[in-house]
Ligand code: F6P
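One chain follows as structure tokens, the form predicted on its own.
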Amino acid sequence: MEADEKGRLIVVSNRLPLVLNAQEDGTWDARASSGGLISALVPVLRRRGGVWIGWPGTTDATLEEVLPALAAVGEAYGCSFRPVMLTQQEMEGFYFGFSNEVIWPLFHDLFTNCNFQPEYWQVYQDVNRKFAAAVADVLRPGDFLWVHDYHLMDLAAELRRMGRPVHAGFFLHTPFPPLEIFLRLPWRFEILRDLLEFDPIGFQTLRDRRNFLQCVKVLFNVQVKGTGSVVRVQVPPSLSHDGASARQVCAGVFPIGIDFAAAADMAASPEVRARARELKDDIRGRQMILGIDRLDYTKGLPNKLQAFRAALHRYPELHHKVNLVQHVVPSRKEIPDYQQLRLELEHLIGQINGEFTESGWVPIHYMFHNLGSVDLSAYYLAADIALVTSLKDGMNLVAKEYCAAQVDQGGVLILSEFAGAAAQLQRGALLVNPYDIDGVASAIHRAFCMPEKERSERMRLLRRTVRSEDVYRWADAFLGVTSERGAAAVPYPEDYLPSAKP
């Protein structure tokens, strides 16, 4: 299906960017939700328009019940939303099963956490087929389909099996594992073959693309041409689902960004500044070490707490002078591994506070709940140090959001070298190995003692990078690869330059 200049952008993801709530009168209300993918794509769709397809987030409502709520919130977003309704059984096998007990740990190099249930793979295929049918219902000639993340790796292949081939690109928000780990996946051939139905295929880092290319070279003996941010994979007819002729698939590196202008402007607002002052007053002027992490074993939360404990042991001057403010965002609470992780964290926090608490000072302030946008921005602004200790991350947008919100340029970012963001932010951040407990403890002390001038210089570098490599350049880079086949790139808005200083 050839694209034309007026083709729409069709975004497909596991979840729609909203939360549905049942009302007392039996109707449903929708409101905007939060998350890395959402914060990245909503600004793009606002400016270009299009359709977003995904699961609306509930198994308790019917299609007819949720459509009015989606129409109302879609009008506010400037695009339309199309739901894919899933049953509880489909959620168990597709989302909690294959996506989060197989692909998520495997792609984060934690294969010992994988549960390779054959039933999960079958449900995963069924749900991808269901998403494909929803896409087929809205497709028009010239549309470009942009599919996001590991939940929907089969989608383009399913459309082709249905006789509805479409120009479709895929972006993987997680890491892609090295060959020796990917080979443990029982369905490795099927997954790779289906991914090659997309063009382009986007990755966060050179490491992730290198891992992917190594897998397709070894398993399919294909050739790769070119160097730089975008290369071409030579796909033979034998790997096409419809027996088409040989073709080329672009594989590119597109580090995802954030809406810098929005984040910086919010942090500079009077409401956020006032809230940030309250947060600083709450800890009595001590330096705030901020952690904001989703509940997940890839985030290195136990490592972070152990490093903070080590810092308190090694550097007594930190006592009464710092607080670790750790927000843990609830996630996948139905999965046993995540339930166990929460218990481990809360036990460890209790131990550390019991060991070091003195009159007037509790070293760790722990919260397990979601933060509103104002509070989140205020914490970013108030924090003297941000501590990110991911064991492996596709990107980690928290690190970028922290930099954007540091409009006074006084904060220090301590960042895991295993986060995708480390490649872009290494010049200004203090990079650490989260497995090196003493090394992270030393970085905490260094950040605490860092002179104001060095803090400002480092944060200026970080903010310049986050500003220049923002969400619009990410989308433009990805969609620009498709322009030779007719899918237009995202134009920069007229108000592209943020009002907040870089």
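Each residue number is its position in the shown sequence, starting from 1. These numbers come from a predicted model, not from an experiment.
As for the form predicted together with 6-O-phosphono-beta-D-fructofuranose (F6P), it is not shown, yet the points below apply to it.
Please name which of the stretches 73-81, 273-281, 321-329, 146-154 has residues with heavy atoms lying within 4.5 Å of 6-O-phosphono-beta-D-fructofuranose (F6P) in the predicted complex. The contacting stretch here is 146-154.
So in the predicted complex, does residue 100 come within 4.5 Å of 6-O-phosphono-beta-D-fructofuranose (F6P), heavy atom to heavy atom? Flag for residue 100 set to yes.
So in the predicted complex, is 6-O-phosphono-beta-D-fructofuranose (F6P) close enough to residue 294 to count as touching (4.5 Å, heavy atoms)? Yes.
Does residue 269 make contact with 6-O-phosphono-beta-D-fructofuranose (F6P) in the predicted complex, using a 4.5 Å heavy atom cut-off? Close contact is absent here: in the predicted complex, residue 269 is far from 6-O-phosphono-beta-D-fructofuranose (F6P), nothing within 4.5 Å, heavy atoms only.
Indicate whether residue 95 is a 4.5 Å heavy atom neighbour of 6-O-phosphono-beta-D-fructofuranose (F6P) in the predicted complex. Flag for residue 95 set to yes.
Ok, 211, 306, 125, 174: which has a heavy atom sitting within 4.5 Å of 6-O-phosphono-beta-D-fructofuranose (F6P) in the predicted complex? By the 4.5 Å heavy-atom cutoff, the listed residue in contact is 174.
Just to be sure I understand the contacts: of 121, 220, 182, 104, which is the one whose heavy atoms reach within 4.5 angstroms of 6-O-phosphono-beta-D-fructofuranose (F6P) in the predicted complex? When 6-O-phosphono-beta-D-fructofuranose (F6P) is considered in the predicted complex, the option within 4.5 Å is 104.
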